[in-house]
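Next up is one chain by itself, shown in structure tokens, the form predicted alone.
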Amino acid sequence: MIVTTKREFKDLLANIKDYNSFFLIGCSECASLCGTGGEPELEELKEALEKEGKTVTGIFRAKTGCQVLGTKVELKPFKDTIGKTEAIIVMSCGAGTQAAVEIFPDKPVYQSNDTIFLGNMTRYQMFDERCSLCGECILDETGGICPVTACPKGLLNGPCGGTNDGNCEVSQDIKCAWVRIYERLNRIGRLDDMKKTIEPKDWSRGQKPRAMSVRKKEEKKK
């Protein structure tokens, strides 16, 4: 899931100072779980804006804020209201904000959150970064633990010389990724995999911006 954090309200106010009326859009998926774009947060921001003398013309929590066509359909009942509103504030990730920009190309759009990372929710509203979206997974060679993300240095073939009692020298409060990989491979009887050399990654596969069409792939199969 995409992990977000709330921006300071004063920073948001500085960004929207030239506008007086706003429509708020949240997200039922990631942002709701992060506590940055669910119903309580929408109501909280509405109240805060109104205390500053701003007008909130409406609030809506999209099913999946980053889904452009789906969100566009969901917002159809609010077309007139949004048309009379000066600006939109999106309470989701950067992708959700840019979806709103695409849906309302003539309307100023501002985000209330900062997008932090792609992560796993380990407990309710507790998140760990697990994937760097590099475009070339090596999880099958490292016991399912990603050294590109779990190691601050992104080392592909074992730990650095700074490993201290199994902990990372960059951040002592995290366990060395390669110690974790060793323990994992040992546990599943695949320790010999540690003898293999992982080839240098093709970083061009992670070059931005990227796009993919599953439709085209399916059409080629036919």
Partner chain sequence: MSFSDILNSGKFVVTAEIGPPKGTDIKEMLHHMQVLRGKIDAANITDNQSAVMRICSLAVCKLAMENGLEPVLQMTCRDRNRIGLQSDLLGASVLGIKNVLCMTGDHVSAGDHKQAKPVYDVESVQLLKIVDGLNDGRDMSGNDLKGATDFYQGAVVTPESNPIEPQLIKFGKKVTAGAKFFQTQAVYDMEGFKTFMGHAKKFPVKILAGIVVLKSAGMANFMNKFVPGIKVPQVLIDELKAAGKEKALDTGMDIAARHIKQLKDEAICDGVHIMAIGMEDKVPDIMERAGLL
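Predicted, not measured: the structure shown is a model, and the values here were computed from it. Residue numbers count along the first chain shown, from 1.
Omitted here: the form predicted together with the partner chain. The next part is about that form.
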| item | value |
| --- | --- |
| Region of this chain that lies against the partner chain in the predicted complex, out of 178-186, 58-66, 40-48, 22-30 [heavy atom, 4.5 Å] | 178-186 |
| Full three-residue contact with the partner chain in the predicted complex, heavy atom 4.5 Å, for Phe117, Met126 and Gly143 | no |
| Contact flag, Ile174 vs the partner chain in the predicted complex, heavy atom cut 4.5 Å | no |
| The partner chain contact at Gly70 in the predicted complex, heavy atom, 4.5 Å | no |
| Glu52: touches the partner chain in the predicted complex, heavy atom cutoff 4.5 angstroms | no |
| Any non-hydrogen atom of Asp11 within 4.5 angstroms of the partner chain in the predicted complex | no |
| In the predicted complex: members of 74-99 within 4.5 Å of the partner chain, any heavy atom | none |
